[in-house]
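What follows is one chain in structure tokens, specifically the form predicted on its own.
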């Protein structure tokens, strides 16, 4: 019998949430985003992007952390890689930029990304060993790859055979959270914990990439840890 990989999920209440300066979107509309993508493609070639699946649990059920922009649009934290950038290191960079996530235990680094009051709070957490070099999040498995054949919104979980020059390749990585983490959320965004049952097959609300995450995670065994 093949055993499923185990993913530890901790209660949402285990994590600390603060705020930081707003992080404005580069584009004001989907059309602007696709136009910028076309310009970048002409300069750098195919866009490569990485996004993180951050899992917590509530009521003994897995929830995924999503960034909400405005009142309706939700997305996974992550973004475009620099040309030649390593996927894992790029995702770490994006998570640090988007949410102040820590992959090392550096108070000096914390001071660069969060406010003074929040720095004091997190520094105290570090000093009391709730956050340590052995207790930080880690980038795990790539659970999905999506392709954008053209400069359009639609993406596929495969590259169509007639497409020789796709415009984007997006990879989703499962990120293993530790028992204690601090998230610094830009003031113009919200960080939502959305249950898998809400995401499942809900293409109209979340789009094809996010709404299929429950299927992609079905091969994992969730270890619901209560603290």
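As the structure is a computational prediction, the values presented were derived from the model and not from experiment. Residue numbers count along the first chain shown, from 1.
Although it is not shown, the form predicted together with a further copy of the same chain is what the next lines describe.
Remark: residue 196 counts among the residues lining a further copy of the same chain in the predicted complex, judged by a heavy atom distance of 4.5 Å or less. Residue 79 falls outside the set of residues with a heavy atom inside 4.5 Å of a further copy of the same chain in the predicted complex.
The shortest heavy atom separation between residue 200 and a further copy of the same chain in the predicted complex is within 4.5 Å. Taking the partner from the other structure, a further copy of the same chain in the predicted complex has a heavy atom within 4.5 Å of a heavy atom of residue 216. You can rule out all but one of 177 to 185, 65 to 73, 156 to 164, 23 to 31: in the predicted complex, only 156 to 164 has residues with a heavy atom within 4.5 Å of a further copy of the same chain. Along 161 to 178, residues 161, 171, 173 each place a heavy atom within 4.5 Å of a further copy of the same chain in the predicted complex.
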